[in-house]
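Below sits a lone chain in structure tokens, taken as the form predicted on its own.
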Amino acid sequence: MKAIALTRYLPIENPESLVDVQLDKPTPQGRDILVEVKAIGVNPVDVKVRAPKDAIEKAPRVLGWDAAGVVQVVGPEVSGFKAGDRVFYAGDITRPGSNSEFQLVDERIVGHMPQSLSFEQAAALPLTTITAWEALFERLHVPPAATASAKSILIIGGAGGVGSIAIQLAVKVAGLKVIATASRPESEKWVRELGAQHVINHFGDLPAQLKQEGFDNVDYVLILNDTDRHFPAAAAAVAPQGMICTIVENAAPLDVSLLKAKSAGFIWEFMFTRSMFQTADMQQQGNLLDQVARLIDNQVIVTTVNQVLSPINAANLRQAHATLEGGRAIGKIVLKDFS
């Protein structure tokens, strides 16, 4: 089967950083399904894993953690899918990724694709949607819309992949007042179109800008970019007994004592936790993807794909990685169709 892989971790400008290869087609066992990949999404985690370092892989390593495709074969213990089903998923960071014609994935972290979307539209959703959903409803414990209407959330990095979904879920599912950050006219336009009622600039003084928008503090803060830089501002902005969640690792220790007087909380979100540790509730990721598919088909939320490249090959994938490394991507970049 065709795949895009690496053996060395090189700068993306190097044509050997991601290369086209031929690999053996895998066979599903246990609860795995074999998916014929039709489209893939590209995420910052791909760039981080591929970042230059001294390691050398003995065998080609396939990255990629967003895909939409068609089930070809199911393992003997699979109960939720059959050959021919259209599916979407983010996969498992400890296993070969989705940058290949065929991929094995545990059925528990797979959702049935929205009926109203194309493969490329669906491939933009899984990783960011799972991350945003878990951050909002499982880490921050945002309550149902009926009780959340008076609450507010600051989403730092609103125009990126996770932010683009988090804004929609916060507004249209949870009923929160959303303040998103954006630093360019095009990214401000994007987040407003997704439902953000207020927009401030993450390069400015966040607490001061919040006050200008009429907020002395916010009930929740979701950090999607540069935790080290934004944590002090988040701690200042969060309300007493509020919550802060981040998805971005820190480079230096964070001063969580800033939260003590407020009895405020701080928590991480990492969407690979369930698959990495084979948690008892792994199936929750498949369930939430099915729920999101219904929200899509009922036109409550929309896909966040903003650029589609074709075909799926090393040259186009390197281009997508370079765009993400530049830090100016809006929404999601997707590749479709193996050549």
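Just so you know, these numbers come straight off a predicted model, no measurement behind them. Numbers follow the displayed sequence, beginning with 1.
Keep in mind that the form predicted in complex with a small molecule is missing from the display, and what follows is about it.
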item: Val292, heavy atom within 4.5 angstroms of the small molecule in the model of the complex; value: no
item: Gly157 within 4.5 Å of the small molecule in the model of the complex, heavy atoms; value: yes
item: Distance check, Gly327 to the small molecule in the model of the complex, heavy atom within 4.5 Å; value: yes
item: Contact test in the model of the complex: Ile301 vs the small molecule, heavy atoms, 4.5 Å; value: no
item: Segment that reaches the small molecule in the model of the complex - one of 116-124, 99-107, 257-265, 181-189, heavy atoms within 4.5 Å; value: 181-189
item: Heavy atom within 4.5 Å of the small molecule in the model of the complex - residue from Val305, Val45, Ile296, Leu34; value: Val45
item: Among the candidates Gln168, Ser152, Gln209, Asn225, the residue which, in the model of the complex, approaches the small molecule to within 4.5 Å (heavy atoms); value: Asn225
